[in-house]
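Have a look below at one chain only, the form predicted on its own, in structure tokens format.
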């Protein structure tokens, strides 16, 4: 088998006088999941459709497993390439089993092999064969139908699978689940997958290699990490997200990664502390005095061990020995303290021992790549006012 599953050699596609794809030269190694991404009209879907000759190139050639697609019968070519599209395209009058086994049946595969293949593929995409095999597409959710679309694409055991924005019509939860499943599936089946998307976060999540296009031209072809670290030009920087990894290449300090903290006054009770932690969805509180001075920290363990004493205040059970840092502490030291402490945050104090905020794992990640990471609150104390008046 050739080293490359797909090769584009000086491929050009014109519609009228417009060049939709311009002199594309690209090699896709065997077993890679390659995403093609770019703004609307950049030529990514046209490029994908030229691989299985839904569209023929105007110039140049495309090789699949070393053989030119121009020299192959389009119908036979398509039967040997898996294809998954945004709107799935399941046949509504066929059962799930009939949909999955359509191509193997067209290729003359024996019926006794089809039942086992259906069960194997349904298991592979996370659907119970005993429940779903005899159902019809209308009885499935959008996410389940898309899983069937993936199973059908794999049914003829193709070396190459084309996926044209397959998850974009799904709700965000289903979409993220299927992205996770695709990554796991690729590890299991080791197919070559060409995946078209308009979503950079999706591309970064699933891809081994990203091809970024603009106006029919391949602007950059790189691994996700290299694309983030070394965008080729301003277009790439803007498309990836100009603030992604904005701090890479310079030294972060504590001020860069500082975030706010949930505080509670020293005279509050343990039941009040639980309410604050539950309402603010944090696993720790910082105790401060009337002038904002730092007194200690309070976590689940301290509350659990002392909750039976109704006369206890948070100041009675707080930990006074938790590590702290200042704005002048170097960040590697703070990160080391984070790992050693285990609470998930380090209080940051000024020169008068007053609390100015905290550093958390999430705040460090957010400072490195703000658009990539949703703000995480579960282990981040958030600021209440220092008088102890609960919000």
Ligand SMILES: Nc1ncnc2c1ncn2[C@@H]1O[C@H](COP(=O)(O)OP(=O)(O)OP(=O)(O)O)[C@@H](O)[C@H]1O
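Positions refer to the first chain, counted from 1. All figures in this text were calculated on a predicted structure; none of them were measured in a lab.
We do not show the form predicted together with this ligand, though everything after this point is about it.
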Choose from 61 to 69, 331 to 339, 345 to 353, 37 to 45 the stretch whose residues reach within 4.5 Å of this ligand in the predicted bound form, heavy atoms counted.
37 to 45
Answer for residue 165 alone: is it within 4.5 Å of this ligand in the predicted bound form, judged on heavy atom distances?
yes
Just to confirm, residue 11 within 4.5 Å of this ligand in the predicted bound form by heavy atoms?
no
Determine whether any heavy atom of residue 20 comes within 4.5 Å of a heavy atom of this ligand in the predicted bound form, and answer yes or no.
yes
Please tell me whether any heavy atom belonging to residue 198 falls inside 4.5 Å of a heavy atom of this ligand, as the geometry stands in the predicted bound form.
yes
